[in-house]
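Next up, structure tokens for two forms of one chain, structure 1 and then structure 2.
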Structure 1
């Protein structure tokens, strides 16, 4: 355990964890868009900036991204100094200029008292804030299907060569982790469309309810050694089957006990 000071209060933090985790455990609201526990932090959204100092630094402070800064003994952290609030406001204004239609960013900006950006709003801006949460989660899966393509203004997240990604398995992890909900998908009948690619959805043998994509099921069978029989039914039908099987076991056991 490491003792650090957050907003004047001495708290205990686990060794090796990042500042953001320690701050959030104290119930202090630190905004962050690119952070998720399942992926490696990368500090791209810059909203979780905090001010750190130490006794021996003689009054000097540093502004760091708390999601990337490991806890150190004797660290003194401030999360809501006037400078930090100003910094966050500027970043949010930049986000508003880029993604003016995003509800998440509008809500976050409103919390900081910003209703419109003082930067020129990009007319054809989209909701993608280039945080790479989607590409990082895809790396975590071991698929590496999507990544950033091109440079500068044209940079965007897509499959290789702006084509539908051949390695994608249609698991929707990227769409669910996207902080602004920019990644769109559609489930129509037995096909799922994401990244301009179509996937076949498995359906329950008994009731016909759609479950996951065939590619995803095959991925789980191959990488995690799960039998194909597990993916034949939906969860409702599996519970009914379980009740039937257990009922049979109970009847058999009662006969044995007689």
Structure 2
């Protein structure tokens, strides 16, 4: 364990963990849009910036992204100094200029007293803040189906050459991890649509509930060595089947003990 000071309070942190985890464990609200426990941190949104110092630094301070900075013995951390608040306000104004219609960005900005951006608003801006959470989770899965294409104002997340990504498996990992809900998808009957591609949905053989795409099931069979039979039931029916099996075992055991 490592002892650090957060907002004047001495706390214990796990050796090797990042400051953001230690800060949030104390119930301190530190904003972060690009951070998710399922992927490695990258610090792209810059909202989780904190101020650090040590006694031996003799008053010198440094601003760092808390999701990328590991805890150190004797570290003194401040999360809401006037300088940090102004920094976050500026970042949120930039996000408002890019994604003025995003409800997530609007809510975060309002929490900091911002109702409009002082920067020129991009008329055709969208909800994508280029945090790359979607591309990073796709890389973690080993699919590499989507990435950032083009440069500057035209940069966006897409499949190769702005075309529907041929390596996408329709797993929805990118959509679920997106902090602003930019990635749209739809399940209609036995078809899932995402990234301008359509995927066949599997159905539970017991209740008929749609589960995952056939492409995703084939990926899991290959990468996780799961049998095809594993995907014949939905999670609810699997639990029901397990409960029935356990019930039969209990009844059989009771008969033996009589």
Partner chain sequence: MKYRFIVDPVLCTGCRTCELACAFSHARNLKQGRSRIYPLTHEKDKYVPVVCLQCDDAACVKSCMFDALRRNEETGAIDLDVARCVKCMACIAACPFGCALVDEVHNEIVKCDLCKGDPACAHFCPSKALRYTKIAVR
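What we label the rigid core is the largest C-alpha set whose atoms superpose within 1.5 Å from one form to the other. Please read all numbers here as calculations on a predicted model, not as lab measurements. Residue numbers count along the first chain shown, from 1.
message: Looking for the form predicted together with its partner chain among these two structures; is it 1 or 2?
response: That would be structure 1.
task: Answer yes if the CA of residue 206 moves 2 Å or more between the two structures after aligning the rigid core, and no otherwise.
output: Yes; residue 206 is a residue whose C-alpha shifts (by 2 Å or more) between the two structures when the cores are overlaid.
task: Classify residue 246 as shifted (yes) or not shifted (no) between the two structures, where shifted means its C-alpha moves by 2 Å or more with the rigid core superposed.
output: Yes, residue 246 moves 2 Å or more.
message: After a rigid core superposition, would you say the CA of residue 233 moves by 2 angstroms or more between the two structures, or not?
response: Residue 233: C-alpha displaced by 2 Å or more between the two structures.
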